[in-house]
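What follows is one chain in C-alpha cells, specifically the form predicted alone.
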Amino acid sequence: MGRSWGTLAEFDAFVADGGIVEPIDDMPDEYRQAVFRFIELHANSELMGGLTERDWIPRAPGLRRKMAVLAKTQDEIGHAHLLYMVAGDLGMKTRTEMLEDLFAGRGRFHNVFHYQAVTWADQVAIAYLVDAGALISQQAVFKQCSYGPYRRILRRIIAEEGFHMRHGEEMLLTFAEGTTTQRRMFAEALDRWWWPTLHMFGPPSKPDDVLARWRIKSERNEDLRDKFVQKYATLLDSYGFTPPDPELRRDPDTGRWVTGEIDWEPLKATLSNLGPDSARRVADAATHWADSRWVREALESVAAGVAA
C-alpha cells in the first residue's frame, strides 16, 4: 500500500520537506495531472525530436555522421518510450492514447520541433543549442524532482543527452574551423535557431507556478534561460558567431550578457500546433503511425495466441 495524505496542505508539506512521491501513493489529483502533463510533453518532444533526426540519416555528410545521427535517433525515440511508460503509470492515459492524441494534433511538444531543419548546419545548431538547452532544463528537474519514477528515468536520459551535446560541440568546431561557406551556413542556421532555443525555456514563471510548488521543476524559466545565455553567448562569441539579437550585450558593471526583449508570439503559435512546420511534422508522424499499424496488430495477435 502506498502513502496517503489527509489534506492538500499535508501533501504540500511532505513535498516541501523533500518527500518523493511514488505511483502507488494516493497523490492529490491536481498533482497527478500536473506531473502527467509535464511528462507527456517531455515524451512527445523526445519522439518528435527523434523523428527530426531520422529524416537526416540518409542526408548526413559521410558514414561517420550518418552513424552518429542513427545513434541519436535511437536514443531520442528510446527516451520517448521510457517517458511514455512513466506517464502511463499515472493512470491518466495509456501510451497508445498519448501517441494517438499526438498524431491527431491534440498533443503538445516543445516549440523547437515545430521548425524545419533546412540544411545540415541546422542539425548542427540543433545539436549545439537545442540539446544544450534541453540538458540544462532536465538537470534542473532532476536535482529536486518530487516524482520518483521521473527523477530516476532522467538519470539515464541526461547521461545520453550529454553525449548529444558533445556531438553538437564537435560538429560546431568543424564548421567554425572550416571554410567560408561552412561558417556562413552555420551563421544562417544560428539566425533560425537562437530565438526558438530561448523560447524553449518558456515565458517568465508565474509566482503561483504549481510545477515549482510541487518540485516538479526546481528553477524558474527565466533563470534557466539566463544560465543558457551566459554560457552559450560567450562560446558563440569566442567562435566568431553572433546571435541574431541586436540588443544582446555585456553589462559593463557585471560582465553578464543581457538579451533584448523576447517576442513570445512564435512560442504561442507552437503551443497551438501552428508553428512554421507544425502541420508537416504532425502529418508525417501520423502517416508513419498508420503505416506501421500492421506491425502492432501482428504483435498483439502473437501475444494473444501465447496467452491463450
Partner chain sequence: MTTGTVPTASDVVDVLVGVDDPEYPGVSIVDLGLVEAVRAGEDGHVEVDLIPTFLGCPALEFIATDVRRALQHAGFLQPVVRFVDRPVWTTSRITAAGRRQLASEFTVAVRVGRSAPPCPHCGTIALAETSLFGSMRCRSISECQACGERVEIVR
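Residue numbers count along the first chain shown, from 1. Quick caveat: nothing in here was measured; it's all calculated off a predicted structure.
Below, we refer to the form predicted in complex with its partner chain, which is not included among the displayed structures.
Note that among 183-191, 219-227, 79-87, 198-206, the stretch whose heavy atoms approach its partner chain to within 4.5 Å in the predicted complex is 79-87. The candidate spot formed by 22, 155 and 167 is fully in contact with its partner chain in the predicted complex: every one of the three has a heavy atom within 4.5 Å. Distance criterion of 4.5 Å from any heavy atom to its partner chain in the predicted complex singles out 64 from the list 64, 250, 59, 280. Taking a 4.5 Å heavy atom cutoff to its partner chain in the predicted complex, the contact residue among 139, 119, 74, 174 is 74.
Using a 4.5 angstroms limit between non-hydrogen atoms, residue 101 is distant from its partner chain in the predicted complex. When contacts are judged by a 4.5 Å heavy atom cut-off, residue 237 does not count as touching its partner chain in the predicted complex.
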